[in-house]
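Here we start with a single chain on its own, the form predicted on its own, put down as structure tokens.
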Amino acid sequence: MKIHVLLSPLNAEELYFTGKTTVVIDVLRATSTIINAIENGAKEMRPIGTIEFALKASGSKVLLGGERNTNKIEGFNLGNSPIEYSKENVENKSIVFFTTNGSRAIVRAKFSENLLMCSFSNIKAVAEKLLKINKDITILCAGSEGMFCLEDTVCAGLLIKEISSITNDIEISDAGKASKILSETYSDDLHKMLSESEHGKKLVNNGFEDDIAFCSKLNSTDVVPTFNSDFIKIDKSS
């Protein structure tokens, strides 16, 4: 099993992902939010690449969720704080979802054969599912507006470390090795790392300190949302 890490969605075109097993990571905050929404009973989430398309895809029985520059978009029901996606707010609801980085990364990888969502909260569960799939893995870090992002790379490294703890039959790319080294440096205090990251500082400055605490929880759920046919759901076949 080969594991490759893309440190930005700009490192590959859409067709690169055709037939691949891909894991999208956007710790702050898209995949953390998606995981929490699905765990709290959201029927499905449809990631969208533009706000305009999100508005066109909305309807009377559909919630609009997402952010622009960390804040809820005018006219949307929810922002991109995972805390907002409570059972009370999202149970049995369909959600159209746009974010600056995460939803766009998912859309870019839409041609993947297997497309999984990962954050610190479900690393162990994602690793176990990947081992069941037993195919080469591409880990796609959503980054920040096309640039390298520390927290996503650390999460990628921890995912590789978890897989490595279960099997030795893996080959890790250079970017994967670098991610693993970073994770070994920062994993002792994920909250501190998130708070001091560039995007983390921006969230704190905009009043989202509680999101930092939420997103720093490690292995708090076994939910692994999976993208298929334009929607993110739980894969009930696994």
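Please read these numbers as outputs of a predicted model, since none were measured by experiment. Counting begins at 1, following the sequence as shown.
One more form of this protein exists, namely the form predicted together with a small molecule; it is left out here, but the text below deals with it.
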Q) Is there a heavy atom of I34 no more than 4.5 Å from a heavy atom of the small molecule in the model of the complex? A) no
Q) Does N101 reach the small molecule in the model of the complex, with heavy atoms at most 4.5 Å apart? A) yes
Q.
Within 4.5 Å, heavy atoms only: does T70 come near the small molecule in the model of the complex?
A. yes
(Q) Please determine whether K180 contacts the small molecule in the model of the complex, using a 4.5 Å cut-off between heavy atoms. (A) no
Q: Please determine, with the chain shown alone, which of 165-173, 35-43, 182-190, 196-204 has non-hydrogen atoms within 4.5 Å of the small molecule in the model of the complex.
A: 196-204
